[in-house]
Structures are given as structure tokens and as C-alpha cells.
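Next comes just one chain, in C-alpha cells: the form predicted on its own.
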Amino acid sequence: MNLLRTLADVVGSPNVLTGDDAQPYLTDWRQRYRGRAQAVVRPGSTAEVAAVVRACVAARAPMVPQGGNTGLVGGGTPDDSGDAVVVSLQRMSRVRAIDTANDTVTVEAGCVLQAVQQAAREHGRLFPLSLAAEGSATIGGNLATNAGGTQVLRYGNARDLALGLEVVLASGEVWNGLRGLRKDNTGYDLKHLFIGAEGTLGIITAATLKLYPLPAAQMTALAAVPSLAAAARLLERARAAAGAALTAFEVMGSAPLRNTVETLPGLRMPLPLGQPWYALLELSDAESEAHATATFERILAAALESGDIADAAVARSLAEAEALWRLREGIPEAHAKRGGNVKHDISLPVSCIAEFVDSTNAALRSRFEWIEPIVFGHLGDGNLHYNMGTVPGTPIDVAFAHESGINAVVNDAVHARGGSISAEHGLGQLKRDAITRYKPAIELELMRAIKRTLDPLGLMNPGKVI
């Protein structure tokens, strides 16, 4: 109880949550992981975060940093021991500064991604990180997991958008690395230690991020394609024709699309669901809508002639474009409503993806006759959400009962092709042990050495990543 009194002195009693008040912070978004904690503490400034860390270190209390609690691998959920303190950054939500001449924005870790996008837009700029949970995911969580999303093809992951960080270290000291520099060769680039570390090395409290000019026009199209190989050829054609203007290229199997349209009200397919695959393309044109339209027409006309697409629908308004994106972004929600599925967040060279899906689907079906692949994702950057459901009439619990066997087939197939078993969701609790099967021993030891150096007491988000 001495620790809770100290924490209350630091952040105020209303911001130290226990009992029922703490429960929403102790279960992950997928309802898969449920933990216990001494308390949930909600600091309102970097100085308060540092004081919270020092208090927890003195009490030898583990700390679990948490942003919007939208993660998919249990990285922000405490274990069941009840020893941890969950450090929620949600009160730290200020946009500290926008520098339009330098094209940067500095925000606190609890700032919701959508709020950063809006702040940039109000200043005539684009912050391009975009993902389905952007209305609740926070910048700190995005950086801690190196989030990807739909525009990685053009702008890169969260790591590529960060110029500087402010971090509270495991000692309670504050490292202020909020530099808006695109060139700084003065030694190790320390920010990259904390991006993607899922709070295991320190707590990100603020970041300086890159901004871009708003495009003159954005256009979106949905294309029906006969195979993943054809989708890959369409991607190659679109890249050649549009270059950097091609900001997104998503693929979706017909099964997840059909489930989404049937499950979520208000959604409709502008094309018949008669093809096995669908591609969603977005162009962000720096010149004009007319130029974007002409580029799209050249891409789609050539693909139709070659047989790489069977049909296409081009959005003619912002509302139509948003409706197309809701089809893609609604897939996880629709499948959650249907009971979920066995999830895999994988990355592969684009050149391997069609063969991987065909051969791995066949391998899984030969072992589990009831399995139904639910495949969609970011083909443009080689990231697939290669999820496994069940055919109609088979409860999803059957898939969950065979999860370890399914995971072994998928992960081994990914590894054999030089891929990664975690493209954008992180390792968290879900893949912490699995990664030891695929990473070289020297790489794991380097990670452990960094962890020992920066967190010698092992109090920063223990049980996650490594």
C-alpha cells in the first residue's frame, strides 16, 4: 500500500485506479489476455511518468506501459501475478508543436493517431500512418509496436516516420531526443532501440514525427483479380505507372469480404463476389485529380487487357472511396463478431506470396479438413494477415483447439521462405516463445544483452518480446 500512496502523491488519487475501475485496462482488445495489477496509474506529464517509474523501481514493482489498449498480441496486458503497475499514457495527449517549415509535429505518447492526422491536416499537411484502430490507438503504442497500416508502401512503418523520441528510462531518468533532424550522424541512433520494443526498454512519452504535403488528389479503386499471382502483376504494373503516387495496395480474399458484407450493416460490394481475390489501390497525386484519373485508367485498362483483372470499380467521390476502405477495414471487426480466428501477421518477399498462400493453404487443408483461410493484407509491402477460420458448420473453437498445430505449419512455411512471423503487430505474449524457434541464437542474445543493459532489474513490461 505504500507504493499506491506514493503513486497517488505523484499523479493524484483519481488517477490511481484499482478494483473495478482498473478492469478495462487489464484485458486486451481481443479479450484473449486478462491480467491483474496492483493499480493502473495515469500520469499527466513526462515528469510524472519519471516519478512513477522511480517509485516502482524502489518498490521493485513491474511496469506495463499501455496506450489505447488496441494491441493484438497481449503486449499491453499485465500477467496474472497481480504484482505489476499498468502505466496508462492516455492523459498525455497534447500536440506540443507543429513546424510546417520543417514538416514535423511533436506530440505526446497518449495522443490518438486520428488526432495527429487531424492536427496535421489543419496545417495543410499529411501524417500518413493509417490503420483500422486509428480512432483509439495512440502514438506511443504505434511506436512501441512499430505499427504499419495501409500506407507503408509509400511512407514506411511508424519507425520510418519518427525523427526523435522522448523516453523515460528504466532508471526513471528522461532521455530527451526530440530532434526534428533528418540527418544526424553523431553516433548510435538510440530512438530505434525503443521503437518496436513494446515498452520493454523504457516508456515513450513523446515523439517528433515527419509530415508530408497534402496530395492534390486521392483516388481509390477496387479490382477483381483471378489469382494472387495476378494481383502481384497488377502491383508491379501500378508501381511502374504511378511510382511514389501509389500509396496503398491491399488484397482481400473473397471469403473475408463476403463475411464482412454479411456481418456488418451498411456495407456493400460494388463488384460481384465471383473472383477469388480483390485488390484495393490508392493513388495520392501531387498534380491534380485529372492526372490521377488518367494514371488509374492506364493501369486498369492495361490490366484488363492482359487478364490480370476481371473487373474494377473506381471511386468517383470521397464517400465512395471511404466505402471501399470500410470493406477492407471492416474485415477484423466482422470476424471478431463471428468468434474470431487463428491470427497470423506475416511478412514475405512479394515474389513469394502467391506460392506461399497456395502451398500453405494446401498443407493446412490436408491436415485440418475443416479449415477456412481468411487472408487479406498489405500486398504492397509483403504483409499478409494469414488468418484461419473454419468452414460453415464447424465451430471456431475447433480451430482454437488446434492453434499450436496451425501455427507450426504457418510459421515454418514463413521461415522457410525468409519471412517474419510478425510483420506489424509485434511479439507481445502471443509470439514471445515462438520467436526463439526462428531467430538465430546470436540475434536473441544481442536482444537479451540490450534488455539487461537498459533494464537491469527486468521491471519494464516483463514477459513480453524477449
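Fair warning: this is a prediction, and the values are worked out from it, not measured in the lab. The numbering used is simple: start at 1 and walk along the sequence shown.
Missing here is the form predicted together with a small molecule; even so, the following discussion is about that form.
Relative to the small molecule in the predicted bound form, residues 62, 171 and 455 are all farther than 4.5 Å at every heavy atom. Only one segment in the set 357 to 365, 255 to 263, 289 to 297, 69 to 77 has any non-hydrogen atom within 4.5 angstroms of the small molecule in the predicted bound form, and it is 69 to 77.
At a distance threshold of 4.5 angstroms between non-hydrogen atoms, residue 424 is in contact with the small molecule in the predicted bound form.
In the predicted bound form, the small molecule lies within 4.5 Å of some heavy atom of residue 131. Taking the partner from elsewhere, residue 400 is found to have every heavy atom lying beyond 4.5 Å of the small molecule in the predicted bound form. Heavy atoms of residue 137 reach within 4.5 Å of the small molecule in the predicted bound form, making it an interface residue. Only one of the listed residues (378, 344, 210, 125) places a non-hydrogen atom within 4.5 angstroms of the small molecule in the predicted bound form, and that residue is 378. Of the residues 223, 105, 231, 147, just one reaches the small molecule in the predicted bound form with a heavy atom at 4.5 Å or closer; this is 147.
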